[in-house]
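In structure tokens, the next block holds one chain alone, the form predicted alone.
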């Protein structure tokens, strides 16, 4: 009887999408509290949330894409491109607002082209976006010579360095706004529910009158905009456009989305879970730095987390398929 209750509880915890990120986050916070009491200082907490915010800018729209059974491996290169482009425009004398708009348009074009190649020409998303990743990364390296673009004006840094009330970093505010909008769109609108239908079965969604092609292309476009926006805020935050700013972004964001409860197989997604997934990975990264674990080892750990999240999702889907 006890064993049945224990199995029932385990299944309940796994089936509830957001809990796959919330429970590990709580465990990490308890462990960290024992090992590093300074972890809970307000400044450190805000630093963790700010780090999570940069992931969330992309991870929230990426939740849309995975829900619709899509994939994008080019987000890291688009992030780098957006940051370098913003820095180049600012250094070249272009005002802040037009510079931001140009970067967003550039990200939209790249995302749109990804969508066209994948959806219109029926090419595998993995191959198409991996190709885009290499093309853009190579172009950025050729353009910059592998050297960061510095010399940003004080006005251009405000969007990444300003503190609300002198306490809350402005990147966190962007994340809150993006999170609210993405949550409402995915969970409360017909458009958002149609993405789950597309991810569940594209043919059935098409027969139900959903414009599958347009929706999928639009989601790839939105992801491109989000990645470029992240690059802009990153460049403003760190005062330079770094060609390698997007390195390792793909794995981290995919891990955050999947561990947050969005299925990589499509058909279901949760923006709230993605937010907790981003915070979880940021907290782990913060704690690993405290332990003195090098970045190379951190990549290994995040890779293991991603694989674990995929297996959890598979188990979750098996349970759901059995009712």
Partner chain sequence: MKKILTILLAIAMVFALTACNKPAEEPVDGGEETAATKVWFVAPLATGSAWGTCGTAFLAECEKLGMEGKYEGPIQAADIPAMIDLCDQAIADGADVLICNWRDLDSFNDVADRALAAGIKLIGYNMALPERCPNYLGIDPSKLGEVQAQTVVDNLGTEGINVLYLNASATSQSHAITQKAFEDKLHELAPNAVITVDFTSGSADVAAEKVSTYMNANPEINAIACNCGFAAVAAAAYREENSLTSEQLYVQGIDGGADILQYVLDGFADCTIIQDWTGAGQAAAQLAQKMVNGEELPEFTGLGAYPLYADGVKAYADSQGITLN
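No experiment lies behind these values; they were computed from the predicted model shown. Positions refer to the first chain, counted from 1. Just so we're on the same page, rigid core means the largest C-alpha set that superposes within 1.5 Å between forms.
One more form of this protein exists, namely the form predicted in complex with its partner chain; it is left out here, but the text below deals with it.
Contact with its partner chain in the predicted bound form, judged by any heavy atom within 4.5 Å, is made by just one of 151, 200, 131, 192: 151. Interface membership of residue 234, defined by any non-hydrogen atom within 4.5 Å of its partner chain in the predicted bound form, is confirmed. Although the partner is absent here, residue 147 is a contact residue: one of its heavy atoms lies within 4.5 angstroms of its partner chain in the predicted bound form. Within this chain, residue 238 lines the site of its partner chain in the predicted bound form, having a heavy atom no more than 4.5 Å away. Proximity of residue 263 to its partner chain in the predicted bound form: non-hydrogen atoms within 4.5 Å are absent; the residue sits far from the partner. The stretch from 58 to 66, 24 to 32, 280 to 288, 254 to 262 that comes within 4.5 Å of its partner chain in the predicted bound form, counting heavy atoms only, is 280 to 288. Residue 293 is among the residues whose C-alpha shifts by 2 Å or more between the shown form and the other one once the rigid core is aligned.
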